[in-house]
Ligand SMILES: Cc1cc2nc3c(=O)[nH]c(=O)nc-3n(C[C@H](O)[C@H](O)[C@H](O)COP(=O)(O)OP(=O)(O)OC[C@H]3O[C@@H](n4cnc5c(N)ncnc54)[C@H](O)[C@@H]3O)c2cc1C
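Just one chain is shown here, as structure tokens, and it is the form predicted alone.
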Amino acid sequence: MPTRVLPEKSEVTIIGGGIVGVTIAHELAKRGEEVTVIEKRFIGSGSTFRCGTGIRQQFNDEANVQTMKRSVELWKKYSEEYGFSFEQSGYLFLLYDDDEVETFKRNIAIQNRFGVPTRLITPEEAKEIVPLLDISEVVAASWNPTDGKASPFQSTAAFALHAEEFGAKLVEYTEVKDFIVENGEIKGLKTNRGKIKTGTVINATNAWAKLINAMAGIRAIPIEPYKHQAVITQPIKRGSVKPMVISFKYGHAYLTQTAHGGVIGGVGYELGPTYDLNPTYEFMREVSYYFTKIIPALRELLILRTWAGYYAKTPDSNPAIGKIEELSDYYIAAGFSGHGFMMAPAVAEMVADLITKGKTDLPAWWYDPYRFERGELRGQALQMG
């Protein structure tokens, strides 16, 4: 179980106890590394427990497709081994004009090249998958049945539990206050519960990454917190909306059904940069309008709850992952721009490879933290919500 007792030392210390920090700890501990996670609140309390559950390989560039193909393999493997729910219920992108179809044909070609079985389907086939859809304006859809969703609560708890079984320590309600650095080498961290001696630090704080970087005195890596909101409705018949349904035309909306039957999702209404998490009336108005354009029957449902979380965004909506040059053995895995939950298992493997082997077969180069400084932005990662 997570503790509030800070160990005196740890070979590797991860700042941030969301799904990314926890899966990195799990992967490193499994490889025999001494690792501690420091979380200022409770495990999963940041963006992780506020996410929309989706896990997709349908991206628009080779690197993210490769990363997510591996991530889906790991989601499947660990869900079977650890007993949490990962449902490969698919992602369905609704397309409304010829330009959108051509864009997705290019995306599908990239995905197919790496073995992701996405295909273009007709509006009628889309309605067979989700009978409640309004397809009167839909001209085609992009469908991948191997995409899916998982419970952030179950999965994070499972990874945390097994990380501890491998020897990792998870320390909650402990806030990092400063770095202890001598001659460019990390010697430890100061926290509100005392000091911990450590040699390797991983910044996995996502929306708070720039604050931790500032403590470390490193060059700015542009990661800013933007407020995104979500809702869940009262339950409907289970199986009514099995896949994640996406509509860029209608508010960059995404929606799916939870295991309990409610419809969960959001739209692309964004505020920030900000650390404010108060829900807004404007979002409720937009989500109500756009959801009912996609599935008219939803107008009969009550919204049970609304909440907000962070998209920790970079200028190209791709994360910053890699080793930081200014300090010895300082790494970052943050700025996921809404994709941290789905990417976490592959990112954990990537970061663990970089630390233990100095290299990885996954496309870490794409996420190079110094690309911003060089002016080498990637193409915008496909993003909704």
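Residues carry their position along the shown sequence, with the first being 1. Here the structure is a predicted model, which means the values were calculated and not measured.
A second form of this protein, the form predicted together with this ligand, is not displayed here; the remarks below concern that form.
**Prompt:** Quick check: do 53, 175 and 310 each get a heavy atom within 4.5 Å of this ligand in the predicted bound form?
**Reply:** Yes.
**Item:** Contact residue in the predicted bound form, chosen from 230, 163, 294, 255 - any heavy atom within 4.5 Å of this ligand
**Value:** Flagged contact: 230.
**Message:** Between 342, 320, 351, 65, only one gets a heavy atom within 4.5 angstroms of this ligand in the predicted bound form; which residue is that?
**Reply:** Only one listed residue qualifies here, and that residue is 342.
**Prompt:** Among 126 to 134, 296 to 304, 201 to 209, 110 to 118, which stretch sits within 4.5 Å of this ligand in the predicted bound form, heavy atoms only?
**Reply:** The contacting stretch is 201 to 209.
**Prompt:** Just to confirm, residue 16 within 4.5 Å of this ligand in the predicted bound form by heavy atoms?
**Reply:** Yes, residue 16 lies within 4.5 Å of this ligand in the predicted bound form.
**Asked** Is residue 25 one of the residues lying within 4.5 Å of this ligand in the predicted bound form, judged by heavy atom distances?
**Response** It does not: once this ligand is placed as it appears in the predicted bound form, residue 25 has no heavy atom within 4.5 Å of it.
**Prompt:** Though only this chain appears here, would residue 38 touch this ligand in the predicted bound form if you measure heavy atom gaps against 4.5 Å?
**Reply:** The answer is yes: residue 38 has a heavy atom within 4.5 Å of this ligand.
**Message:** Test of understanding: in the predicted bound form, would residue 47 fall inside 4.5 Å of this ligand by heavy atoms?
**Reply:** Within the cut-off, so yes.
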